[in-house]
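One chain is shown next in structure tokens, namely the form predicted on its own.
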């Protein structure tokens, strides 16, 4: 589905991504791992057409169609959903307003009605009239995922979804991610929480100073202590 080939991206004169190549197939969870500052969020922004960074070279294709040169909303319209780092909710909007903000036509095309989203996230149903600033960290993350699903995506990009969450909420998030995989979604998971990523992903890429330095099935990575110590510090 998603294929990234020889991607180079920079912030001004600072080169961040250096020839990144990777792929995410339908029904697979692919974890992108690495220490802070290695370029993980830059990769997500590059896929979504956000600037900065500036993509200088390479290709990003989804279902065989090139995404480079498209604007972020045009990429989203190709059934790619983003769960951004930090949630990026609107403090003044209610839960229901977040889930209906795309408009009636977009909701009609989506398989995810508000009622179905509340079935997936019952806590959001209980808090449907609460505003963004009134939600807990876990509830905000649920809402960020639910909002992405309203776009009827086939691919989800999730940037640090477990950041700042209590362990019980991390476990709830993991169950949700696994359920989405069972529904056939492809997921690119950028995650600082190594053990959470290993609990759900099928395969993992490790990013080091802007380059992919390791790619393996998660089962193999779990038992590769030298690689995890060298590149992830564990």
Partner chain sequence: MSMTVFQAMNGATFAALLFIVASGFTLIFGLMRIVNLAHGALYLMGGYFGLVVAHRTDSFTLALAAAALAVAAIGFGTYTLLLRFVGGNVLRQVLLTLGLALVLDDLALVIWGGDAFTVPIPEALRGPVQVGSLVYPKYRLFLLLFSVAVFIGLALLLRHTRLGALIRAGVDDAEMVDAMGIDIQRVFVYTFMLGAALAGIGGVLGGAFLTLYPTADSDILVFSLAVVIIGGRGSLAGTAIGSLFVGMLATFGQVWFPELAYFVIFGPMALLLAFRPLGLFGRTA
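Positions refer to the first chain, counted from 1. Computed from a predicted model, the values in this text were never measured in an experiment.
Not pictured, yet referred to below: the form predicted in complex with its partner chain.
- Of the candidate stretches 162-170, 179-187, 203-211, 45-53, only 45-53 has residues whose heavy atoms lie within 4.5 Å of its partner chain in the predicted complex.
- Of the heavy atoms in residue 142, none are within 4.5 Å of its partner chain in the predicted complex.
- Interface residue remark: residue 156 is not counted as part of the site for its partner chain in the predicted complex, having no heavy atom within 4.5 Å.
- Under a 4.5 angstroms non-hydrogen atom cutoff, its partner chain in the predicted complex has residue 77 among its neighbouring residues.
- With a 4.5 Å cutoff on heavy atoms, residue 138 does not count as touching its partner chain in the predicted complex; it lies far away.
- Taking the partner from elsewhere, no residue among 175, 199 and 216 has a non-hydrogen atom within 4.5 angstroms of its partner chain in the predicted complex.
- Residues 131, 147 are the members of 125-147 with a non-hydrogen atom no more than 4.5 angstroms from its partner chain in the predicted complex.
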